[in-house]
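In the block that follows, a single chain appears as structure tokens, in the form predicted on its own.
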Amino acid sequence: MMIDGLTIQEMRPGEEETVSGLVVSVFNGFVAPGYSEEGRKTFLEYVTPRAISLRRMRPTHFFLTAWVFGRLAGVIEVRDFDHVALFFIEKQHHGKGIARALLDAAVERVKRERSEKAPLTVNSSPYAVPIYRRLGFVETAGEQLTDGILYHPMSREIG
């Protein structure tokens, strides 16, 4: 499916603040209401511009960004070429195929980077479980709680 004006690219140096702002906005609107104070604090520390910048420099991490007509619409972070660590789409772009396009681009990058066949995993917030299911992920364990973060372990075979 073609999305007018969509560009997916590697996150560039200097975009950390913009990416952090999008993630925090979407998190606060959809995920944070179901989290404890500890969980919100833990998550918000993970997505500061500095934390994102430090992770972006790791050789086994990558961030892809989705831009629609030059405005940031979404981001995905993949850790160790096998785990989705962040995946957020701006509210106004929900349901338009941007998440699928970002995930497809990330899967292609993962396939290029690693030789072994292994699933892509994610620790989904309760809010996002139905979204990940539509993207081909299945739950691998029941709901978990770590440092106040409530999540559902999920995985997807990527071939």
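Source: prediction; values computed, not measured. We number the residues from 1 along the sequence you see.
Below, we turn to the form predicted in complex with a small molecule, even though it does not appear here.
Listed residues Ala106, Val47, Leu120, Ala99 were compared with the small molecule in the predicted bound form; Ala99 is the one with a heavy atom within 4.5 Å. Residue in contact with the small molecule in the predicted bound form (any heavy atom within 4.5 Å), chosen from Val24, Leu135, Ile149, Met11: Leu135. Proximity of Phe62 to the small molecule in the predicted bound form falls outside the 4.5 Å heavy atom cutoff. Among residues of the shown chain, Val78 is not one whose heavy atoms approach the small molecule to within 4.5 Å in the predicted bound form. Lys111 falls outside the set of residues with a heavy atom inside 4.5 Å of the small molecule in the predicted bound form.
Shown alone here, Ala128 lies within 4.5 Å of the small molecule in the predicted bound form, counting heavy atoms only. From the list 49 to 57, 87 to 95, 63 to 71, 111 to 119, the contact stretch for the small molecule in the predicted bound form under a 4.5 Å heavy atom rule is 87 to 95.
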